[in-house]
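Below you'll find only one chain, the form predicted on its own, shown as structure tokens.
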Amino acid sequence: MKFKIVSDSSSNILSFAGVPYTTVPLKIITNDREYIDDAALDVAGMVKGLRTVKGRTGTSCPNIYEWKNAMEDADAVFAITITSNLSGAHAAALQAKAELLAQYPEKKICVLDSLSTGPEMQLVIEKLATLINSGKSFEAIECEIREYMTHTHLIFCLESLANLARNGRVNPVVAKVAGVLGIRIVGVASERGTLELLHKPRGGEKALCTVLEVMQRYGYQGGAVRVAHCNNEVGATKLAAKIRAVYPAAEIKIIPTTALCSFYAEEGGLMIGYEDI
């Protein structure tokens, strides 16, 4: 049986070694340009260009055809999407699953709603790859990955909420606070898959300490951590050092955000996925 993992590009993982893997791209749209979130995109150039955009900006999720095309060449597929509470990607993936199963009833397809995005999705993808390579059955993998997802979380630390506010993801009044006098916004992905803003620390050092405090409050005990950054490798590295100072054995990986997460995290933003096990 040929297994495959499919993710939308909000996972920041555009390629993955060890198992068949495909991403379907989200898009960032301005009045005069469309940025496709794939490996060919100059993300740094996009971030720089968006700073000067006047007028509306937004995002577009992968369509049903794109999901079907990514899923149809495998016997058993695990697809994971950005939270259904912030995007139509999950609904499109479910429709693609229904159409494929109507055509190929012997296929096995599991569509997972991450209720999150970015580095938390990365943890799930990595876990799926481990389970697939262990030789477990499709049904056993689905059971184990759903259990695993109850133990993963997302925290973010942002210097700007402008794009989130423009797209109705956060309150514009709250968004105006971010960046004023060095204020950051620290929050989490809630159990419903929405953004929950928790703290407004002033200054980068205080913000990183707050992130670790929130991680511990939400159950972090030294498990795997994935830190995604938007042009802020220095901040990501400092956070990793703070985590390792308390949890020396913590397995931490740092990666840059791709287009979708860069659009919402904005310059300097950090997104942290971690296990509470």
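Remember, predicted model here, so these are calculated numbers, not experimental data. Residues carry their position along the shown sequence, with the first being 1.
Another form exists, predicted together with heptadecanoic acid; not displayed. Remarks below refer to it.
**Student:** Considering only heavy atoms, tell me if residue 87 and heptadecanoic acid come within 4.5 Å of each other in the model of the complex.
**Tutor:** Residue 87: contacts heptadecanoic acid in the model of the complex.
**Student:** Answer yes if any heavy atom of residue 30 is within 4.5 Å of a heavy atom of heptadecanoic acid in the model of the complex; otherwise answer no.
**Tutor:** Heavy-atom contact with heptadecanoic acid at 4.5 Å: absent for residue 30.
**Student:** Answer yes if any heavy atom of residue 57 is within 4.5 Å of a heavy atom of heptadecanoic acid in the model of the complex; otherwise answer no.
**Tutor:** No - in the model of the complex, heavy atoms of residue 57 and heptadecanoic acid never come within 4.5 Å of each other.
**Student:** I'd like to know if residue 111 sits close to heptadecanoic acid in the model of the complex, meaning any non-hydrogen atom pair within 4.5 angstroms.
**Tutor:** Contact with heptadecanoic acid, no.
**Student:** Are 61, 164 and 169 jointly within 4.5 Å of heptadecanoic acid in the model of the complex, each by at least one heavy atom?
**Tutor:** Judged in the model of the complex, 61, 164 and 169 all sit within 4.5 Å of heptadecanoic acid.
**Student:** Hey, of 79-87, 140-148, 101-109, 199-207, which bit sits against heptadecanoic acid in the model of the complex at 4.5 Å between non-hydrogen atoms?
**Tutor:** Flagged stretch: 79-87.
**Student:** Heavy atom within 4.5 Å of heptadecanoic acid in the model of the complex: which of 128, 154, 186, 71 fits that? Just give me the one.
**Tutor:** Contact check passes for 154.
**Student:** Scan 96-119 and write down, in order along the chain, each residue with a heavy atom lying within 4.5 Å of heptadecanoic acid in the model of the complex.
**Tutor:** Residues within 4.5 Å: 115, 116, 117.
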